[in-house]
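Only one chain is included here, represented as C-alpha cells and corresponding to the form predicted on its own.
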C-alpha cells in the first residue's frame, strides 16, 4: 500500500489565456488531496472517494474501458471517479510496465471539487505517484507532472494546460508558458480564499472563451492583454510588491469578466475583499462559480467574506512550497 498527497493551487494570473500559449502563474496552496493505492490480485479498480466536497461514493469496475460503473451520481462526480483516476492508474501501469495491475484506490481531499483550486490535478498527481510506487517504480516530480498533464488533456478534450498539474507536482509558485514550466522564487503570499459553494463547468467555460476569441478580434486582444499582464505580474512577484500584485489581480479579474467567465457570486466576493482593504482580488480557475483569491495580511478580508451572502466558506491558505509527497 502506498499513499501520496499533492497540493491544490490558485492562479495569481493567467487562467484561460494559458490555453492559447500565454504565460500563467499558479501557486500551490496548503490544501491537499491524498490518494492511497493498494494493488489487488485481479485487474479491477475499486475507488473510494471519501471527501470531495460532495457525498462520498464507492465504485468498482474492470480496467476494461468499455465497462461503465453502474452508479447514480452526477456526471461530474462520475468523471472524477473514473476519467481522472483511470488515466492516473493507466499512467502508473505504463511507467511500471504492469498493464493488468488492479488497485484499491482511496481518495480524500481538502480541496473543493470543481471550484478552481486544482482538485482534479491534485488527485491525478497524487494517484500517479501512489500507484507507481505501489508497483515498485519511483517517478520524479517532472515526470509525474508530464504524465498528469496527459491525463487532464485527455479528460478535458484537449483543453487542458500544464499549469495545474505542474504546480501540484512541484509546489510553490510556477510560471507556465506552453510546454515551458519553471519555478519562481516567491514570498509567502497572504492568500485569502472565498468559496461560493458551487462550481463552474470548466469545459463549457473554456469553450465559451474559445468561441468569443474566434468571433471577435477584441476578445483575442483581451487574451493577449492577459499575457502581458502576467509578465508584469511576474516582475511584481519577484520584487515582493504586494500592492502591484493586488492592482494587477484586480485588472486580471476585469479582463476575465469581459470574457464572460465570472459570476455574480464571484464578483460579490471580489468586491467584499476589495472593500475590506485587500491588496487585490480575482476569480481563480475556470470561473462560473467556485473560488476567488485575495491578498490581505490582516484578518479583515476573511471576516468580510464570511459575512458575504454569496460566500459559503472563507479561509487562509499559505503558499505550499512542497509538491507531491509520500505520506506515512
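Owing to the predicted nature of the structure, the values given are computational and were not obtained by experimental measurement. Numbering follows the first chain given and starts at 1.
One more form of this protein exists, namely the form predicted together with a small molecule; it is left out here, but the text below deals with it.
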How about residue 173 - does it come within 4.5 Å of the small molecule in the predicted complex, if we only consider non-hydrogen atoms?
no
Proximity of residue 160 to the small molecule in the predicted complex, heavy atoms at 4.5 Å
yes
Verify the contact flag for residue 286: yes if a non-hydrogen atom of it lies within 4.5 Å of a non-hydrogen atom of the small molecule in the predicted complex, no if not.
yes
Is it the case that residue 206, even though its partner is missing from this view, gets within 4.5 Å of the small molecule in the predicted complex, heavy atoms only?
yes
For the chain shown here without its partner, which stretch in 105 to 113, 239 to 247, 198 to 206, 92 to 100 has non-hydrogen atoms within 4.5 angstroms of the small molecule in the predicted complex?
198 to 206
The one option of 319, 19, 314, 304 with any heavy atom within 4.5 Å of the small molecule in the predicted complex is 19
Among the candidates 156, 141, 257, 137, the residue which, in the predicted complex, approaches the small molecule to within 4.5 Å (heavy atoms)
156
